[in-house]
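The form predicted alone is given below as one chain in C-alpha cells.
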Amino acid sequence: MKIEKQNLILDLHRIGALKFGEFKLKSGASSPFYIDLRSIISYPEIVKNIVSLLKSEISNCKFDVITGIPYTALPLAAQLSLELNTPLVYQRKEVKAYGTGKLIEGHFKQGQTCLIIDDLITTGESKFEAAEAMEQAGLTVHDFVCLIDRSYNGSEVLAKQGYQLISIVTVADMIEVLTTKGLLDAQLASKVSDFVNQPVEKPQLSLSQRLRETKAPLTRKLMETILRKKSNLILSLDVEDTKTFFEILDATGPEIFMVKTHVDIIKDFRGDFVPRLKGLAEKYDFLIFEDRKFADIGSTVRKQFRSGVHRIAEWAEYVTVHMIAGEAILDGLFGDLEVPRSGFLLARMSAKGNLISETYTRQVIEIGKSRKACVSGYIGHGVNAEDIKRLRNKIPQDQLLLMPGVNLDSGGDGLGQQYLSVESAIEGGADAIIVGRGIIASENPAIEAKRYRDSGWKAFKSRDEQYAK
C-alpha cells in the first residue's frame, strides 16, 4: 500500500473522521464504525494528500470536466480542477428560480465527458442521481472516484449501469493500517469486516411477505385487498357530475381495489353521494381514497377533513397529504379520530416542471417512516424503472408506493402530465398504479379497466414471484 494512503487513513483517524464503536445509521441499522469526512476541508495538508492520490488514481481516465457531489466532495473536485487545469462544473441542490434556471453550473459543451468525485460510496444511489443530472444536461459520465469505499458491492452496482468505480481507500485498507498501528483491536476489526461484507439494503420482499411484517391496520387492509382481489389498479375518477361518476364506478368496480375521488369537483354533490359510494365499495370490494391533497396548518386541515359539506373523515379511509406545512399536519388530520384513517404522502409529482426537489422527497419519506400508524405510503412518480427503483429503495417495505402518470399508451396530455408504462412502473417497484383518463375518457371504461387491471397484475405477479425466491 502506498505510504500516502497509509498516512491518509491515519490522519482521518486522528481528526475523528473515522470512528469505531456502535453507531445508529439513518437506515436504523447499527454499525460498528462511522465515517464523517465533512471536516477534512479544515486540514489543508490532508486535502493536499487526497488531491495527490486522486491525480494518481485517475491518470488513465479521460474526461473534459470535473464535478464533485455536494457537499464534501465539491472542495476536493475544485482543488483537483486547479491542479489539472480542467474545468469544474457542479450541480445545484435545486434549480434556480430566476435567471437562466440552471441545474448544472459551469461552462461545458454537449457531449463532453464528466468525471464525478465523491467522498463515500455505500449503496451507489447518490452516484446514479449525480450521473442522471449530468447526463440530462448533455454530459457523458463514465467514471466515479470515491475517497472511501464502504460498500458491499458498489463497483458491481455501478458497472451494471455502465460506470466504472475507482476507490482511493477501502474499509479493508483501513482495518489493515489501523490494526497494524494498534489503533483498532482485533475483535472490533472483525465486526467492521463482517458488517461491510453483507448487503446494506435488505432484499425486496413479496407483498405476502411484507404483509406478515406490517403492523399498521389500515396498511394491512390495503395489502390484503390487493392480494384478495388480485388487482393493484386504482381508478382516479375525476369527473364532475354524479351520474357519470356512478356509471363509471359501477362499470369498473370489479376491476379496481381502490377508487381515488376528488369530491370537491362534483358539481351536484348531495347527501346521497356518500351512501351510494360506500354501497358500491362494499358490493365490489374496493377501498375509498379521497385525493384532497391536504396542505395547510394542522388546525385548518382538521376542519377541512372533518367538517364542511363533504365531511371527508367520515367516509374516506385514505387521503393524500402534502408535507409542505411540516409534520404537525399529520396530527391535525389524524389525531383524536373516532375511526382511524391513514394518509399517502406526496413525495414526487408526475407534472412536468413541478417544484418538488430530491431533498424534499427524502424529508417527506423520513417523516412518513416515523409515522407508520397514520402513513400507509407515498405517491411518487419516476421517469423510468431505474428511477423508480431508487425511490422505492428509500421507502420501508411495510409502506406502499402508489404510482400516478401510468398509461398503456406512453406520452403526455399537453398539460404537463408525463406518462410511463405499466410495466416500467411495476418493474421499478410501484405497488399500485393510478389510472384516470386512460380509463374514464375511453369509449368503454369497463373494458379499459380490465386491460389495465390485467396488465398491472401480470407485471406485479411476475415481480412478486422474483422477490419471493
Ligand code: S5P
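Because the structure is a prediction, the values reported are computed rather than measured. The numbering used is simple: start at 1 and walk along the sequence shown.
The discussion below concerns the form predicted in complex with this ligand, not included here.
- Only one of the listed residues (Glu105, Asp241, Asp238, Glu83) places a non-hydrogen atom within 4.5 angstroms of this ligand in the predicted complex, and that residue is Asp238.
- A heavy atom within 4.5 Å of this ligand in the predicted complex is found for exactly one of Met349, Ile175, Leu218, Val89: Met349.
- In the predicted complex, this ligand lies within 4.5 Å of some heavy atom of Lys293.
- Contact between Gly428 and this ligand in the predicted complex is not found at the 4.5 Å heavy atom cutoff.
- Residue contact with this ligand in the predicted complex: Arg437 places a heavy atom within 4.5 Å of it.
- Using a 4.5 angstroms limit between non-hydrogen atoms, Tyr419 touches this ligand in the predicted complex.
- With the partner omitted here, the stretch from 384-392, 360-368, 223-231, 340-348 that lies within 4.5 Å of this ligand by heavy atoms in the predicted complex is 340-348.
- Contacts with this ligand in the predicted complex, taken as any heavy atom within 4.5 Å, map within 363-381 to Ile379 alone.
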